[in-house]
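One chain comes next, on its own, written as structure tokens: the form predicted on its own.
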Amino acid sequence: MASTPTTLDTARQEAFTGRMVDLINNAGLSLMISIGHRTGLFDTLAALPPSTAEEVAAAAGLHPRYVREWLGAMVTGEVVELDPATNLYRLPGEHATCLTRSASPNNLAVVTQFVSVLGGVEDEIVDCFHKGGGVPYERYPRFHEVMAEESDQTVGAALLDHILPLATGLTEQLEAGTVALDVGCGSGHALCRLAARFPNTQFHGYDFSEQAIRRGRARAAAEGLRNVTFEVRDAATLNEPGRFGLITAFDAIHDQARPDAVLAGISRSLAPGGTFLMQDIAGSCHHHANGDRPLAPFMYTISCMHCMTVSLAHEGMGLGAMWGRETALDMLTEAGFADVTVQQLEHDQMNDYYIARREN
């Protein structure tokens, strides 16, 4: 049976082709921005007057041929400016505000590192599309490193002054002293900040990743923190009734193989009147409702290529990063939390903050 000819909207076709060209250019630019961050080139350029490629390379301590080619991507990508009359390069101050380490927590160059990290498992993800299953944590050698850096400048930087005050009385409770747990603690950046600020509280970090726990222990040792411990633990087995006055989970619950079991264990393990503080991606479980969310396509990409698949690798639920507020609230209720509020911070539209109380 012959197919019916389709009349194409030529203007729409040309517009989408142009969008695809931009996408390909921006994909390449993302990789080069990641390299610029990792090599310190943006920090170097921000501190220099207009300079030649050789001067930039010397100041950064890098090979000049590679720096020159990198600058080609930056100039044609309109990130760095070049005066062709003098062959001098400069990073505009307006661009430096989201590309340098001193710009944290607004350094978006940190986030571009995820492109190469996720690209490293593309073959395995494609295989999962055909066969199902998932890709386990150990196949992402730099994920915890990058995640810790990104988390440190978003959650970590806001933790003491903005996030803790979302839960009434929590700062005072930590100052007086309690026992606290961070579930899915990763490399321990947030936990070490808390331990340093609240010496009267004993902090514990549980994470499934041995690599992350090693990083957390090393950081705690380097900072001389004696009130924080890290353990390799499956959060789904959490069952320490009434032990903790505070339990936190920063961008961790949706990754779990059994998030329902984790939340139920958290509920059981809170002391009467205790607080569960959960930060997770802001969004909806419905695709159509996320069209206006910042970086929504990027978040679905991270979800598909990491969050969802690491859960499925352990025969888990595979919620993914975009599980949505609706699903999160339902699961918190099913876990036994009767008092749950959701808040956002003005500077952080990417995340929701859930404050759940254990009834006395």
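Position 1 is the first residue in the sequence shown; the rest follow in order. The structure presented is a predicted model; accordingly, all values stated were derived computationally and were not measured.
This protein has a second form, the form predicted together with a small molecule, left out of what is shown; the following refers to that one.
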> Here the chain is shown alone; which of 277, 128, 192, 252 has a heavy atom within 4.5 Å of the small molecule in the model of the complex?
Replying inline: 252
> Can you pick the one in 175, 124, 234, 81 that has a heavy atom within 4.5 Å of the small molecule in the model of the complex?
Replying inline: 234
> Do residue 184 and the small molecule come within 4.5 Å of each other in the model of the complex, heavy atoms counted?
Replying inline: yes
> Does the small molecule come within 4.5 Å of any heavy atom of residue 147 in the model of the complex?
Replying inline: yes
>> Although the partner isn't part of this model, could you tell me whether residue 137 comes within 4.5 Å of the small molecule in the model of the complex, counting any heavy atom of the residue?
In response: yes
> Going by a heavy atom distance of 4.5 Å, is residue 89 a contact of the small molecule in the model of the complex?
Replying inline: no
> Want to guess which of 95-103, 252-260, 196-204, 162-170 is within 4.5 Å of the small molecule in the model of the complex, heavy atoms only?
Replying inline: 252-260
